[in-house]
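Coming up are structure 1 and structure 2: the same protein chain in two forms, each one given alone as structure tokens.
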Structure 1
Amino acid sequence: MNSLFALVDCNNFYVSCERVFNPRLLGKPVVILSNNDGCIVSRSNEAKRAGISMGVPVYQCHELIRRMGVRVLSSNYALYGDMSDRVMETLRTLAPEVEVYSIDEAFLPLDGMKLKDLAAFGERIRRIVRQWTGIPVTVGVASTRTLAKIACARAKNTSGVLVVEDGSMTAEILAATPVEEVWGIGDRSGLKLRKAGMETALDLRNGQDNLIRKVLHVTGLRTAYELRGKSSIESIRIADKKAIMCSRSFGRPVEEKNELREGLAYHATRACEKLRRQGAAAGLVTVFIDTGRFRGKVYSASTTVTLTEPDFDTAVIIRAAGEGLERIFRSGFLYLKSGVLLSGIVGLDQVQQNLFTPGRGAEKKRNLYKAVDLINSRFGRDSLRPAATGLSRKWAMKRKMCSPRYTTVWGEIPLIRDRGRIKNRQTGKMIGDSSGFR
């Protein structure tokens, strides 16, 4: 039996998340901005038709945004992450296996599901995900993951579901797909393929193996096999990371060491959350600070602090980050960015204990942070946070147009208001008032 894969892709994901809780955005041009409200990272279809490009700095589009009445919002990562989890959990009720590829994409291996009508199954996915989460999705089905990717991209401009099984249909779609748009190729590899005479996905599929291997090595040959209908890519899974980076640009230039220390403590806290989620500990803590290249005096530096033993304790990592800052800080500069990199990562069962860390103490620490992470997951990020990350956080990135965190913070859940009185059908009496309730 041939393999089958469905790719489920959320449409304009960030914008769609905002529209779930703000229906007034439906049918209107909407764009979402990157960190510090810098560049456009998500657009509604209406914004695309208005001529707003992806990735451009928002200041370059001010006149177009004003003229077209585009709604501009800051990124709300807490909302997007939670909505992504809801979409993936919904997909797990529809298929026995879900390979999460990104925040808004997942592959569903369909082998063994005995589906009689693949198009109907795709429509069922779209209907249930929309009903349960409010997020519109597109579905592409094909014999390999790469072909499913291409089918899904094509489906966005058609009915929302595309099943590619027929050989002539596959050839037609591949002939209309530039080689750069094939999953895993990109502009640089696409340029090499074009120089070798392969301009479309169909050309790559029909290319000679020796030539493809010469141009793109074995990874390019795997892609060609995928285009020929032979599944050659192993299961897509989020692998354990060998290094974890957390960094951000500041919302304004930072000069004081204490503010830099707070920023690094914040990054260390976020990195430790990821580290514990992976069930691991880190032995090396690298910190860096940077002024940028285009404003005033230029300076950047980094250093690595080695821990006595690998650890996942946020307090330990923050302390190491502070030690690193003492080594590299220079006064008289305006810093624009800082970051923390955790490396030397090992599983918790591989940590070599020392004489001064009894096993019972380590277990107590695990239970403590398990409780902390659970509380932050349930009641919103930073419900419990280290004091070292600061209170006012004047250095925090700009998010002046951020929507509420509707699903992760109790104080920001949607408020429903009953603006009129309701008639009781049984008694005929008017009940209720104009008070709001959650």
Structure 2
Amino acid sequence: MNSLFALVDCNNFYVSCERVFNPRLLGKPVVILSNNDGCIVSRSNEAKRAGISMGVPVYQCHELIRRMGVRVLSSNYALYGDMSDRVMETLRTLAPEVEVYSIDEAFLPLDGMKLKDLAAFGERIRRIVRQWTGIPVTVGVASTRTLAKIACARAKNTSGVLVVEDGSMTAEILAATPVEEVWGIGDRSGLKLRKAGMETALDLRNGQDNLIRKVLHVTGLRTAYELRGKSSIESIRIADKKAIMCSRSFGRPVEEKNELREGLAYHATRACEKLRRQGAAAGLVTVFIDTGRFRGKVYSASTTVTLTEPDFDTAVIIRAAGEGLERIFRSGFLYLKSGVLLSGIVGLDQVQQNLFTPGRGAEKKRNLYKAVDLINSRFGRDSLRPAATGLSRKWAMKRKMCSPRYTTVWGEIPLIRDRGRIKNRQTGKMIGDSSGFR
């Protein structure tokens, strides 16, 4: 049986989220920055046309930003995560199966939907997602996920929907696609393929199996099969994480061990929340600290602490992280980044009871954290938090130009005023007009 997939990709997702709540950004060049206001991670079409590249440090384009009047915003993940959920929920009403691939993309396996007009289906997705969430999307349809990605990329510049079924049309498109633009082929692999004489997606599709395998191993060969229309990538499922990482750059360099300890406690707290959401426990706690590689004396180190039994208790993980820090900390360095990685993850049902832990204690602990997580989800992150994560948090990351969390925090929900003016409840600042709220 032939397979069939649609890829739905949100256009300039972070910028689009901001525009839903601040229509003044419509039609203007806008960029969104990474954590700590470091690099540019999302651009409006106007910003792309102005010549601003993806992923560059923002300080390298100050001049361009000033000249072109580009609006610059810090990233607001509370908003983007919530908007993403709304988009995915909408897609679930349109197709029986939705594989959420990233915050702004999803594959829809279409086999068995018996669609007569695929282009019309794509149009319908665009229209309804736009209407229900305010987010513009592009749709690519093809017989494999890799081909659907290529179709979607082509559709970005055209009508917003592209269906690729016919073989010769595929060849034409593949010939126009540089090999490193194929999903799964990055610059490194692209270079190797070019050296072997394969420069376009078409070359890779027509390449000899043994040559491709020699250059890129089985993953590259799978990609080639996908280009030939043979679906070879397993279903993209939301599997339980095998590792949970929380790391961040500091807002300013940190020298003191105590501040590093606070930062690690904070990361450990976040990581444990994710762990418990997955209903799991971790047996290994890796901590790392890093000075960054750009300036001054460079030092980075990591170590792994093994727990006596897998645990989900924030206090236990924080203690282990502190133990790790004692092993690797060296004074006299300016640290820019730290992180906590939880691994050796097992489901709670598989946790072996430690000989020395009485069973009732475990039950109590589960109930305690159930309550803690519930309170934090209802009243906002950190309503209840370990004192070890610090009070002043002088190391916290920079987010100088962050928009309100319009959809997830009561105090930041926009108010619609008379004459259609919209005011942010907390800051009192006007943030848009009613033209965005139809």
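All residue numbers here follow the sequence of structure 1, with the first residue given the number 1. Since the structure is predicted, the reported quantities are computational estimates derived from the model, not experimental observations. What we label the rigid core is the largest C-alpha set whose atoms superpose within 1.5 Å from one form to the other.
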Of structures 1 and 2, select the one representing the form predicted on its own.
-> 1
Does the C-alpha of R385 move 2 Å or more between structure 1 and structure 2 once the rigid core is lined up?
-> yes
Taking the rigid core as the frame, does G292 move its C-alpha by 2 Å or more between structure 1 and structure 2?
-> yes
Large Cα shift (2 Å or above) at T314 between structure 1 and structure 2, core-fitted = yes
Rigid-core fit: what Cα movement does P253 have between structure 1 and structure 2, in Å to one decimal?
-> 2.5
Quick one: CA shift at E323 between structure 1 and structure 2, core fit, Å?
-> 4.1
